[in-house]
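Take a look at the structure tokens below, where one protein chain is shown in two forms, each on its own, as structure 1 and structure 2.
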Structure 1
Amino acid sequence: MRDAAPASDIDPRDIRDLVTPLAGLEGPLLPMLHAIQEEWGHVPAAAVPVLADILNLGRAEVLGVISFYHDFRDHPAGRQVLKICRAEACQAMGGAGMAAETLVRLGVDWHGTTPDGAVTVEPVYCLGLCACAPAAMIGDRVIGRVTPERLVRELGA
């Protein structure tokens, strides 16, 4: 991933160079969006017209796909991404209260990033760890039976 650059500094030619080799894939839009997000940490607005042009789609169609999938971001995330499960099993085991207290401790709301850019908090709907609810994920690591104290400690916040 490139260093975080302001979205306005991302050259559409760089986006085109990155995604054009993927145009021959079956259903190329999702691989292109993943490649862009992997490269810049988010899908900048400058990517929409480039993708629409390459794939002969309307800009609204590209935006519709980006907004449908929760994992695509329109701005860079923090250095760590904390995903807190909001599904039924976690709710039944106190997940709502745990999430609310964690958000207060971090000083952010859902989809927010701490002022120092260290942590972005996102909701997720089932991590497949229902037997160990409430669950959360830091980066690629799933954690069960979480508490606000444990999450803050694991994040180093």
Structure 2
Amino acid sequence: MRDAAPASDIDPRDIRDLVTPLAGLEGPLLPMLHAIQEEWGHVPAAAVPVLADILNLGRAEVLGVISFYHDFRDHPAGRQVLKICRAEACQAMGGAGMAAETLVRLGVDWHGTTPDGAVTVEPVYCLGLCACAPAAMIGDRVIGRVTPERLVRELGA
């Protein structure tokens, strides 16, 4: 991922170069959006007309798809993304209290980013770690039987 550049600095030509090789896929829009987000950490507004043009879609249609999915963000997240599972199996193991305390310790609410830009916290509904609940994920790294202390330590926050 490139350093999070202000959205206005992202050149539409770079977006086009990145996604054009995917245009031959059947159902290419989601792979394109994932590629863009992987590259820039979010889906910049500048991507919408580019995708609409390549795929012969309306801009509203492209925006509608972006906004439908929880994964796609319109601005960069913090340097680390912490996802805490809120689903039933984790609740059965005290997940709700664990999440609430973690949020207090980090001083953010769900979807919030710490003021220093270090951590964004998001809810997730199931990580498939239901037999070692409660569970969380930092970036792509999964953690089971998690405590607020452990999370704060792992984040270096």
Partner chain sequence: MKVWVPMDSAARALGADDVAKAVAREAAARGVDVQLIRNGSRGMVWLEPLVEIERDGQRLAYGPVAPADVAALLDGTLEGHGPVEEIPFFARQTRLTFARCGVIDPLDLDDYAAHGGLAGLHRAIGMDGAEIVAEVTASGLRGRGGAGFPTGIKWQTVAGAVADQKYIVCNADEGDSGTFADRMIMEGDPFTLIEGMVIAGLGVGATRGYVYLRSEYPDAIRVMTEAVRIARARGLLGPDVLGSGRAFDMEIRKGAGAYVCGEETSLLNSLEGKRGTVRAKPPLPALEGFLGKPTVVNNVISLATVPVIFERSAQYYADFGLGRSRGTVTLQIAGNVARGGLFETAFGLPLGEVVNDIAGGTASGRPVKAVQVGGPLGAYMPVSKFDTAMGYEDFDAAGGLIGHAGLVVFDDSADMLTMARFAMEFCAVESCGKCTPCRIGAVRGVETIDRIAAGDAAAIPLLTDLCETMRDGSLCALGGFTPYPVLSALTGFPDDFATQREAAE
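All of these numbers come straight from a predicted model, not from anything done at the bench. By rigid core we mean the largest C-alpha set that fits within 1.5 Å across both forms. Numbering for residues begins at 1 and runs along the sequence of structure 1.
The form predicted together with the partner chain corresponds to structure 2, not structure 1. Per-residue C-alpha deviation between structures 1 and 2, core superposed: residue 14, 2.7 Å.
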